[in-house]
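One chain comes next, on its own, written out as structure tokens in the form predicted on its own.
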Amino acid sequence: MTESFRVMQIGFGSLGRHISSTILKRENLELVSVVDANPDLVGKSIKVLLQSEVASEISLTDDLKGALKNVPADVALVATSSSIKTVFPTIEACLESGLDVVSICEELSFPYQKSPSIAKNLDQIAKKYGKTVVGTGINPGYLMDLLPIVLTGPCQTVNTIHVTRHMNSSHRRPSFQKKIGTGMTKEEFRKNIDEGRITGHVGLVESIQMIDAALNLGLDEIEELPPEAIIAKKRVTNSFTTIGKGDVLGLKSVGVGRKNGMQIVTLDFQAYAEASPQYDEVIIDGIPKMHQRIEGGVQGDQGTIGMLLNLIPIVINEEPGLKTMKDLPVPRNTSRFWKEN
């Protein structure tokens, strides 16, 4: 007899709502609890909050400790913050309660160099309780790190790797458009970036570190260049805001990995309103040369949810410890995988 994987979801923001909705439609997953700190949501029915036709008797709670104690689950999905320091206590509590953990925290995707002590601690806790924890998403987690790593498989040699993500941010959730500066003046953009009020894209450094570790490139310098505002040449209106001519459509962020002064890895991330054409592209200079381009690009929110949910059966069956995407079996659609008795 097959059973569904029991899922606890932590974080019910704009992306979290879509995560819950997708879980409720997936036959091999059972949403058993949803936790969020927003007091305006506590006690409200998930069915009502989602305006969902899928039956769900779950009410949102802000009591993580109580949910972990009283609601049996197999895995926790953590969708609360990009900061590994911020999500650490939540992940620790989940591991100690016997849950595997999959998170969209960007800094968790490859934390060994930026946060080595936290990474070591998480690995030890996970192994102590026989559980697995991993950070994933569409980017970081797939398009700009795992995909180029896999594409080097047929290469006899690899000289350079250049990855570009070019997306129309108008198709993304409002919180994403806000963090890339959409609608700001140039001065507001620079001030907010410099003061950390908006983050832009998070994860380029972690992606390069993962590529370096996977391919043993021996990079001696990894740098994320200051984000650049992409300026509107005409007035643009989308579902988020109206951007005046001369104001900010979004941004361009570039990360580079060098060895002996030579640029080996380049990650070029561009997200702005009405960007066209949309595409994801990997170019590998080597023997043989490789060039893959996904026309239309991968929709970020949909892709992130897909990565998150598809990892559940894989992570539950993985050896305990802190893992990254390069450590796990090949990711795939797992909607037809069920929990084994």
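Note that the structure is predicted; figures quoted are calculated from it, not measured. Sequential numbering from 1, following the sequence displayed.
Just so you know, the form predicted in complex with a small molecule exists too; it's not on screen, but the next bit is about it.
When you look in the predicted complex, the only residue of S276, N38, N70, Q51 with a non-hydrogen atom within 4.5 Å of the small molecule is N38. Note on contacts: among S82, T160, T185, N121, the single residue with a heavy atom within 4.5 Å of the small molecule in the predicted complex is S82. For P140, a non-hydrogen atom is located within 4.5 Å of the small molecule in the predicted complex, even though that partner is not displayed.
Put simply, E106 is close to the small molecule in the predicted complex: some heavy atom of it is within 4.5 Å. The closest non-hydrogen atom of R173 lies within 4.5 Å of the small molecule in the predicted complex. Contact annotation for S14: at least one heavy atom lies within 4.5 Å of the small molecule in the predicted complex. Of the candidate stretches 309 to 317, 43 to 51, 30 to 38, 276 to 284, only 30 to 38 contains residues with a heavy atom within 4.5 Å of the small molecule in the predicted complex.
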